[in-house]
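The chain below stands alone and is given in structure tokens; this is the form predicted alone.
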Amino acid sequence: MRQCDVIVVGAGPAGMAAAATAADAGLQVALLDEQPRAGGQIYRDVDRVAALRGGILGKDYTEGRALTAAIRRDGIEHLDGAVVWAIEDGFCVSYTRAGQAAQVSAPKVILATGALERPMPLPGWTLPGVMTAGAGQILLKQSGLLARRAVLVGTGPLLYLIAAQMVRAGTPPVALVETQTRADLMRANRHLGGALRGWPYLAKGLAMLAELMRARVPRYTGATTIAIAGDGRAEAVTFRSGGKPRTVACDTVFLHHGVVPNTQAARSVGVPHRWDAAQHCFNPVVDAWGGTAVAGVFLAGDGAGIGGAKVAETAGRIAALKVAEELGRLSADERDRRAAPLNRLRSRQTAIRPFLDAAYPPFAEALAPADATLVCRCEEVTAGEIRGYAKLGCIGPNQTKAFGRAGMGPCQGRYCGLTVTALLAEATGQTPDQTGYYRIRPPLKPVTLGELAAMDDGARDAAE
């Protein structure tokens, strides 16, 4: 079994920054990541793609090369294509790589597992031709593929970024169907002071909107009663906007109404979580260093609360400094000296977050879907069935597994969990915290008997 000082799970901005900072402090780091190349979602495959499509994807994307370069150094073992499926006391992390299971152990673990796109269950969202906006961006980044005649549906700055990238690529979206309202923007104005502190983000957003206006991409705001229509595949988006029913014909629909922390790994080791009413999701409970109630476990990046790529990078460095201090590689004074400018930077970077959360809230109709809408796609469980379970005495997500298998499919509740919690809380009158979430146990990802047997063979060969 490999031994090191700290295991970092995830090679996005938080994980790469944490690994580089820990190595700078003299720690031996194992950096585990599912992807074949470092970068995470925001900097996905940046080393290869920047030269090919950097002009389309923008400077914020190509800047990721500085982070990928920083992890190519002594002290960091970057295990790409490593699917982590268990984290046990010790900490012993089990993973599969190249068809073989393996393990690595360390006294400290930094979980930098990033975010998931919030599912947007709407009528027709399971039709072929419908995907998340992030999935569409992956196609562009990794393969240079762009959907033609696409409609972007939902809310948030990511919609503007993807739409602008599509414009630059010569395949502008047919339309943006946005759910935020003028009232949302008015409510967000109370956070304008913080937004002005984060003026670079505002400037980028205004620049993207100007780009879309120049390209004459239609925008419909305050959309309600959204549905995706089609005979066997997506053919149109229907909705109401401006008091009128509307239909936009299309071949592809990209859905997006925010991202949420990917909490599966943190939950599996017992990290407490708390409901965030502003972001309508559970966030892990962490301190200013990313430390948790589980000794030796740190969280950094969007997996600890949504902040974006730059915030994630800063948080990764801060967590690594604390780990280095706890392992005796830095004094407390040196840790604090190095962390002080990072904490000031993080304060500036997060100043705009309350404004964005208020201006672009999740779509209410997708948070509480109509009864006929599927919410657990793996097991084909509808919102109405979840509500029916509550009437029969089901009070929490774990019980829904027994009532109707919700959360028991391949995604293990990653994409239906928050919706199931919200539906049960609404039906029972409990708070989301009282309702809770699925109990997460290993394996976090599927692992085959053959992969486990290969690990056993490796251990036996080493012993011989």
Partner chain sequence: MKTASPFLELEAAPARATVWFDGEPLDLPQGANLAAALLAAGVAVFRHTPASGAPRGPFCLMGACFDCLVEIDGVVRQACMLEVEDGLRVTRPHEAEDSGAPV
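Since the structure is predicted, the reported quantities are computational estimates derived from the model, not experimental observations. Positions refer to the first chain, counted from 1.
There is another form of the same protein, the form predicted in complex with its partner chain; it is not shown, and what comes next is about it.
Checked against its partner chain in the predicted bound form, the residues 329, 204, 197, 148 give one hit for a heavy atom within 4.5 Å, which is 148. Proximity to its partner chain in the predicted bound form, taken as a non-hydrogen atom within 4.5 angstroms, holds for one residue of 351, 130, 390, 101, which is 130. Not one of 24, 292 and 442 is positioned with any heavy atom within 4.5 Å of its partner chain in the predicted bound form. Residue heavy atoms within 4.5 Å of its partner chain in the predicted bound form occur in exactly one stretch of 420-428, 63-71, 49-57, 396-404, and that stretch is 49-57.
Taking non-hydrogen atoms only, residue 225 never approaches its partner chain to within 4.5 angstroms in the predicted bound form. Contact check for residue 434: no non-hydrogen atom falls within 4.5 Å of its partner chain in the predicted bound form. Contact annotation: residue 252 falls within 4.5 Å of its partner chain in the predicted bound form, judged by heavy atom distances.
Using a 4.5 angstroms limit between non-hydrogen atoms, residue 377 touches its partner chain in the predicted bound form. Of all the residues from 126-143, those having a non-hydrogen atom no more than 4.5 Å from its partner chain in the predicted bound form are 126, 128, 130, 131, 132, 135, 138, 139, 140, 142, 143.
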